[in-house]
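Next up: just one chain, as structure tokens, the form predicted on its own.
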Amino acid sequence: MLAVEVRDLSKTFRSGWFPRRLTRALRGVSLAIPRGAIWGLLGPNGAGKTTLLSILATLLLPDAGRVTVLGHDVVREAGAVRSRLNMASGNSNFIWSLRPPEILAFYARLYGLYGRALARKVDDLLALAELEPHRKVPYHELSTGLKQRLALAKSLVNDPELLFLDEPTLGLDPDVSMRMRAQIKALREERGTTILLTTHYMREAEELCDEIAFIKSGQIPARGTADALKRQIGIGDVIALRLDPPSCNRLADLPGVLECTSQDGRMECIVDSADKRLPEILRWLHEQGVVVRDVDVHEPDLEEVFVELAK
């Protein structure tokens, strides 16, 4: 069953008068997100990520297309959708003078919590986000990492079935980012929460996401797992070899070898799949009497995919 289904979604923003300016933020976007998945939405600034999230969260109306979230149409049944989802942003901002328990209590009341249930929920979220030692600290005195953890805690006040995370680790130190990612994984594993994540951190997307959709100029030209995206745009694995004798030009003629170059006494072979081709290459070199002194395999990361797709 799908948590999100989007078909031919379009959104255009209009501004100015003479001349009237049109910005086509989304142009026929379609995607399907299964329940319980962590999906990544990647793309350069201005690609349409925030517009898409805003429509899914019922904050914007689409111009055309159909969007179903948790079985409900986001235009005709927005009220039924809103109670079952939530959102956290890496740029979240709360009233500067309020303390974490007050912020969480305010948002929990919006979902109908009060009395003991409210107090219990606030305490649980403070513990989950490791904010208990900071209960009495005003929001403006919290560090960036603590603010991000508070934003994530806020997004859980209604135990959402669907969670939108917009750059959740933006500006965080590496150790804090690791803890934040661990919390995101736990939400899926322990609660079964479906998560749609936008990020510019490629390693984060590879670590967290079951599938990734790349959005550019309001369209989605590529989607799939991280490995599938690498194959889709033809970025090969690199096998670097130190050989004795140091050169073997006929390597380029082997099946699956896309390119072969020699540099600093090493042969670098770009192949379609290192897992498949490395044993074949080593076997062939042995048959040719070539001694392999050193082997290094480099698989392209998602950042290289991002750069290629963004061109």
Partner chain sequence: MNWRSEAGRIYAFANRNVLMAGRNVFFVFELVFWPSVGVLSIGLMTRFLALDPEMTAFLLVGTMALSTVQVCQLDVSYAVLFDVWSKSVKHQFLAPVGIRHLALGSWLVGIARGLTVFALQAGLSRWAFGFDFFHAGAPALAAFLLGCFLTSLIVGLLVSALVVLFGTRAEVSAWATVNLVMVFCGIYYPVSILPPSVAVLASLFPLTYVLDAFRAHFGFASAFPHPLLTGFVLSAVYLGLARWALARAVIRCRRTGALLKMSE
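Numbering follows the first chain given and starts at 1. Remember, predicted model here, so these are calculated numbers, not experimental data.
Missing here is the form predicted together with its partner chain; even so, the following discussion is about that form.
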* Asked: Does the 4.5 Å heavy atom contact test between Glu102 and its partner chain in the model of the complex come out positive?
  -> yes
* Looking in the model of the complex, any heavy atom of Asn86 within 4.5 Å of its partner chain? -> yes
* Asked: If you check in the model of the complex, is Arg203 within 4.5 Å of its partner chain, heavy atoms only?
  -> no
* Asked: Taking the shortest heavy atom distance, is Gly112 within 4.5 Å of its partner chain in the model of the complex?
  -> yes
* To do: Tell me, out of Arg82, His72, Arg181, Lys216, which residue has a non-hydrogen atom within 4.5 angstroms of its partner chain in the model of the complex.
  => Arg82
* Pick from Leu258, Leu61, Leu282, Ala32: which residue has any heavy atom within 4.5 angstroms of its partner chain in the model of the complex? -> Leu61
* **Contact stretch among 186-194, 206-214, 221-229, 112-120 - heavy atom within 4.5 Å of its partner chain in the model of the complex** => 112-120
* Asked: From first to last in sequence, which residues of 87-104 have any non-hydrogen atom within 4.5 angstroms of its partner chain in the model of the complex?
  -> Met87, Ser89, Asn91, Ser92, Asn93, Phe94, Ile95, Trp96, Ser97, Leu98, Arg99, Glu102
